[in-house]
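Single chain ahead, written as C-alpha cells, the form predicted on its own.
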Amino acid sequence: MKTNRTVQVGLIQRSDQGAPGPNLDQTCEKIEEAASRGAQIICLQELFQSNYFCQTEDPAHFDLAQTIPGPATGTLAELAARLEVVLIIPLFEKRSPGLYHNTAVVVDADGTLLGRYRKMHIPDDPCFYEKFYFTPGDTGFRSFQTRYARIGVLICWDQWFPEAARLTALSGAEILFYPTAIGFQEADRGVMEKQASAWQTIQRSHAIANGVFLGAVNRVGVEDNITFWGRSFISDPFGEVLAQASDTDPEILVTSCDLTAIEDTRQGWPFFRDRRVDAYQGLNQIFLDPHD
C-alpha cells in the first residue's frame, strides 16, 4: 500500500510595492494567507523585496543587497517556524564587498536555513542587465530535504535550460520551483503571447522529462519598461497545469500535489532508466562544430 504523500504547494504572485520594507510586509501578509489556506511549501517571486532593478545599470542598486543570514531571512525564518511552512526566499545576496548573487534561500518548517541556490545562468539583454549585478552561481544544481518534500530551486533564466532541470531532478528533487521575473517590453507586445506560451511550455516539458511537479512564480504589473505577465502556475509530472494565476493581478495559488504520482509516472515513462549517459559527452562542450 502506498503512503499518502500529498503536499500543499503555494505560490505568491505580487506586484512591487515600491520599497523593501513594504514589499517584505506585504509578503508576510500573503504568506500568512497562503498558510491559512493550507499551503505547506510556499515560493516567492524572484528578487521579491524590490522592483526589478536590473532594467538599468546603476551602482546605487547594490545598496538593495543583503547578507544571508540577514534581516529578511531572519524575519521570514521566524514566520516559517510559527506557521510551520517551508519558504523559498529569492534575494539579492551580498556575499562580500563587490561580490553579489541572485540567490534563493530555502527555510524549513522549523525556521532552519537549509541552504541556498545561486542563479547559475545570468542573462544580459535590454532591460535585463543582470550580468552587471550578479556573479554566476557556484552552488551547482541541488535539492533540499524539507519537512514535506524534497525540493529543488532554479531561478528565472535557468528555466530555459533542460540540463539544469535534469541535474536538479537527478539530485532527488520531487518539486522544481522557478522564482521568476519575466515580462515584455512595449516593442514586443505583438509577440508577447508567443513568448508567454513558450515560457510555460519549456517548464512543463521539464516536469514531463523528469517526472516531477513544478511551480513557476512570476511577478505582475508594470515596472518602468517591462510589463510582467504573471501567469504563475503549478504543473504535475504529466505537464498538466493544475493551477494558474492571472496575467494582470496579484494572486495566491495553493494546490495539492500527490507526490506518489512521481513514481507512477516514471514507471510508465522510464526516462531515467533509458538515459544513455555513456553517449552524452558532447554536452560538456559549448558547440559541436560539424567541420571539426
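Residues carry their position along the shown sequence, with the first being 1. It should be emphasised that the depicted structure is a prediction, and the values quoted were computed from it without experimental measurement.
Below: the form predicted in complex with another copy of the chain, not depicted.
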Which of these stretches, 214-222, 68-76, 154-162, 85-93, has heavy atoms within 4.5 Å of another copy of the chain in the predicted bound form? 154-162
Interface residue in the predicted bound form among L113, L167, A149, A109, criterion: non-hydrogen atom within 4.5 angstroms of another copy of the chain: L167
Can any non-hydrogen atom of Q185 be found within 4.5 angstroms of another copy of the chain in the predicted bound form? no
Do A81 and another copy of the chain come within 4.5 Å of each other in the predicted bound form, heavy atoms counted? no
Is Y100 one of the residues lying within 4.5 Å of another copy of the chain in the predicted bound form, judged by heavy atom distances? no
With heavy atoms only and a cut-off of 4.5 Å, decide whether A198 touches another copy of the chain in the predicted bound form. yes
Looking in the predicted bound form, is another copy of the chain within 4.5 Å of a heavy atom from each of L24, T56 and R189? no
Heavy atom within 4.5 Å of another copy of the chain in the predicted bound form: which residues of 177-213 meet that condition, in order? K194, Q195, S197, A198, T201, I202, R204, S205, I208, A209
